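Read the single chain below, which is given as structure tokens and is the form predicted alone.
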């Protein structure tokens, strides 16, 4: 895509930007942030295969389509989304095509945590929000993060006070219902000192036509706080999903992430984790299960900026049909980040001759007292394991499907919410059973 065409495409997206009313004095900075993001969109270009970070992911099919922001909320009944409910979650924020849906949301008053959205609770918590919203997800060189910020009108806000443990998970559900719509989901989670919380970030669709989701999530984990983050992308088969997540980890904090990508015609997920304090720990697990002509791209960047940091990462891809999976994971160990302990593994399973995977685990180490490992494997099912199962009475087809399911189930089992774990296990089993 040439520069002129790229600029025109970005201008067409910005044409649907809503005009915000004059903000209250406490929230005036939001309009300034949006204006800064609009300026950055004007200076940036749509990434192409010539860009190193996008050299395996061709998004020209996205730029050939026209999308506009939803103008009205699609009327849905609770029964329409009942299948997406999570039994353990008493707090649920629902957004339909990027617009907050209060009638579908459920907020427990006595949970000890602030669960709200920007237009309702922004003024009350303005100081805390201003310290974090737009401060972790850098949009200076990221056109899709800049676009999301330019459209910042509402956002899911989760604020966990000091020393508060939230008993049940918090569910933020983003639903796509309209064809030709671009939505810009935004989520901010602030876990203050000594707190603990589980966040489920869930993207689903009620239709199969083309649409565009451009999401940004920011997570701040203070000293000694713990956050479990489950991210499920099960968009429609013709949808486009591009998302950025930025996580900041303070001293002795803990962050566990499980990301599952099942849907979308084309998806890209960028996860950046910055360890700003000593002794921070993170575990980052991911699964991409795709077929047909889907493309799923995952880029992660774990930045050890302080000593005694620990990180563990396991990312798996199961690719069938003529699908294409991409994994790029970088571990950075900064000067002075001594005694860092990091391990990264990329394991990939090809189910057909036309499926392919590009995987690139990376280490950049600028400290001399560290323990860091990484590795990648790409292959097909082990014939000896297939033979073992068939020798005990299973058919060859059933044996292969069972082994494929088990390969993906290792990631699903790391989800700390039982009902969601069971729901996704059934989805993975169904999709692996349908693989060629």
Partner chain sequence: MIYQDSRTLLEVRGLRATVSGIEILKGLDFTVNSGEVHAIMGPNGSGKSTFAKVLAGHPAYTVTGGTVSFMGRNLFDLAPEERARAGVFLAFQYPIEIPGVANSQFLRLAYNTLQAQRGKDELDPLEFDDFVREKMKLLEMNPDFLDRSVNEGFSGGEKKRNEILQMAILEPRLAILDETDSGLDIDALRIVSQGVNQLANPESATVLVTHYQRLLNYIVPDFVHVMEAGRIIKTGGKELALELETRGYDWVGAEHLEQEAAGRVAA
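Given the structure is predicted, the values throughout are model-derived calculations rather than measurements. Positions refer to the first chain, counted from 1.
Unshown form predicted in complex with its partner chain; subsequent notes refer to it.
Per-stretch contact check against its partner chain in the model of the complex, the hit in 29 to 37, 66 to 74, 48 to 56, 402 to 410 (non-hydrogen atom, 4.5 angstroms): Looking at the partner contacts, the answer comes out as 402 to 410.
4.5 angstroms heavy atom contact with its partner chain in the model of the complex for residue 392: Residue 392 belongs to the contact set for its partner chain.
Do residue 376 and its partner chain share at least one heavy atom pair within 4.5 Å in the model of the complex? Contact with its partner chain, no.
Would you check, heavy atoms only and a 4.5 Å threshold, whether residue 384 touches its partner chain in the model of the complex? Residue-level check for residue 384: yes, a contact with its partner chain.
Against its partner chain in the model of the complex, would residue 398 count as a contact residue? Criterion: heavy atoms within 4.5 Å. Yes, residue 398 is a contact residue.
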